[in-house]
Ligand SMILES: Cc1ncc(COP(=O)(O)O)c(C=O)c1O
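Shown below, as structure tokens, is a lone chain in the form predicted alone; questions about how it binds or moves come after it.
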């Protein structure tokens, strides 16, 4: 007989010791731990938009008067507005509390205990995280030496319990693209293929044109990156109308809060400004890559997103990552055998790039 105050035995067995997703540390934790001032911190660990949101977002949020009213559970205005931006019908669209919520909903729609998802690794950790929550299995298919997809190995991994293949394109954290031909080949396997295009605006490559002939294709997008709304959690999915209808039925009715709605609509109203800010980000990405070339033992991999995966001298990855943090420069480090001695560095403002390079050189003992 369990003790009265012991409820752990009631938790589902597979969630007793769950595999968590490690997000970026908030500024408050960084300041507390490092005894730093906000002006001393360079945050290049979250692939956030260093330009911030459109000025129209703050104006719209400040003027909005109906925060006391529930949002529309059917997302009518949102879906109509997004359809113009995406070039698809509103019936193909579902908006979510970040694309993370949509990943969770997709998995809950298709994956049950004992079913599996397939992910080419290394990749974004939320696919594995959400599959584990529903007691789904995760089949990892290693990418090749250039981190490109191995389509034959993915196809060989598909079995009778396989439900979804997740493809991030550009891939996070490696920054490379999947080709349209590769996606077409995967769609022919007959299971759901989710193409996560979170960084679409930085590369301009999309598989949305494949949607009409492939009902098993789902595309994910986000306003966190290009529109600077990471703190408001605005994601969207583009999919077959029947799948969208089911997702609209099973999602929480008020999953998009009113502030996120207002910010999304204001961003679309100012999309020309936001899209024009993509060019300086790409230029700064290339400058960061070039600066890395001049440092012995440091290699920046080609990227189509707003970050670079950077290889550091052998055996020094974690040491340099921790050293950068001590100097107030925060990047992303992975305890992953496929990413040994690698860090992911977001593209920031020029002064942030300079601080990173200066700190990296100091730790490596080079001029």
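Note that the coordinates shown come from a computational prediction; the quantities given were computed from them, not determined experimentally. Residue numbers count along the first chain shown, from 1.
The same protein has a further form, the form predicted together with the named molecule, not shown here; the description that follows concerns it.
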Practice item. Quick one: find which of 109-117, 68-76, 280-288, 198-206 has residues within 4.5 Å of the named molecule in the predicted complex by heavy atom distance. Key: 198-206
Revision key, fill the gap. As a check of understanding, the residue in 122, 90, 98, 228 with any heavy atom within 4.5 Å of the named molecule in the predicted complex should be identified as 98
Study note, to complete from the structure: Residue within 4.5 Å of the named molecule in the predicted complex by heavy atom, from 149, 234, 82, 217, is 234
Practice item. Indicate whether the named molecule has at least one heavy atom within 4.5 Å of a heavy atom of residue 267 in the predicted complex. Key: no
Practice item. Answer for residue 168 alone: is it within 4.5 Å of the named molecule in the predicted complex, judged on heavy atom distances? Key: yes
Point to revise | is_contact(residue 130, the named molecule) in the predicted complex, heavy atom dist at most 4.5 Å | key: no
Exercise for review: Verify the contact flag for residue 172: yes if a non-hydrogen atom of it lies within 4.5 Å of a non-hydrogen atom of the named molecule in the predicted complex, no if not.
Suggested key: yes
Check your understanding: Taking the named molecule in the predicted complex, which residues along 216-232 bring a heavy atom to within 4.5 Å of it?
Key -> 222, 224, 225
